[in-house]
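As a starting point, one isolated chain is supplied in C-alpha cells, in the form predicted on its own.
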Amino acid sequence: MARPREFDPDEAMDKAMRLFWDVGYEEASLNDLLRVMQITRGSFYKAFQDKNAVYLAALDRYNERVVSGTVGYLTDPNMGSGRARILGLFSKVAEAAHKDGDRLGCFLCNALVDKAAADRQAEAKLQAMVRRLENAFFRAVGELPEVDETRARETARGLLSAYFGLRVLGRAGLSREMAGDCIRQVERLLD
C-alpha cells in the first residue's frame, strides 16, 4: 500500500509560485524550493519530477488564478463599461502598489524577462497568457463607440504595454504621482 502524501500539493504549489515570482527561475534553488514548499527531496521528486516541472506548473497556476481573474474582470459587462473596466484595472494595480506595498509586480512580466527566451515550454505558456490579456483588452476596447477592429487591436496592444509597464513599476516602488500619470495616459489612449 502506498504511503499518503505528507504535504498539501496545492499549498506547496502556491509557495513555489510565490518563490519563482519573487526571485525568478535561476535564483530559486532546489533547496529553496524544498524549504518554502516544506517537503522532502523524495516527496518533491515523486510529485514534481524536477525544478522545471514545478516552474511550468507555477505558470499554469498563475494563469488560472491571476490571469483568468484579470481576463474575467476585463470581459465582464456586469462590472461596467469597457472603458470603466480598463480604468478600474489600472487603478487597482496602482492602488495595490501603494496600499499593500506590492513589490512582487506581475509574475507574467517577471517570467517573460526571466525564462521565455530560454525555455520553449515556458515561452509557449507565457505567450498564451499575453494573448489572453491582449484579447481581454481588445474585447473591452471593442465596446467603445466608433472603434473599428484595427484600432481596437492597436489600442489593446498599447493598453497591454501600459499594463505591463505599470506592473513592473509597481515592483520598483511606483510613486503615487507616477501611477496617476500612467492612468491619465491610459485615459488618453481610450479617447
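Nothing here was measured: the structure is a model prediction, and the numbers come from that model. Throughout, we count residues from 1 along the sequence that is shown.
One more form of this protein should be noted, the form predicted in complex with another copy of the chain, which is absent from this view; the next part is about it.
Only one listed stretch (65-73, 157-165, 29-37, 42-50) carries heavy atoms within 4.5 Å of another copy of the chain in the predicted complex, and that stretch is 157-165. In the predicted complex, another copy of the chain lies farther than 4.5 Å from every heavy atom of M13. Although the partner is absent here, A84 is not a contact residue: none of its heavy atoms lies within 4.5 angstroms of another copy of the chain in the predicted complex.
Though the partner is left out of this view, V130 does reach within 4.5 Å of another copy of the chain in the predicted complex, counting heavy atoms only.
In the predicted complex, another copy of the chain stays beyond 4.5 Å of every heavy atom belonging to M79. Along 154-191, these residues reach a heavy atom to within 4.5 Å of another copy of the chain in the predicted complex: E154, T155, R157, G158, L160, S161, A162, F164, G165, L166, V168, L169, R171, A172, E177, M178, D181, C182, R184, Q185, R188, L189, D191.
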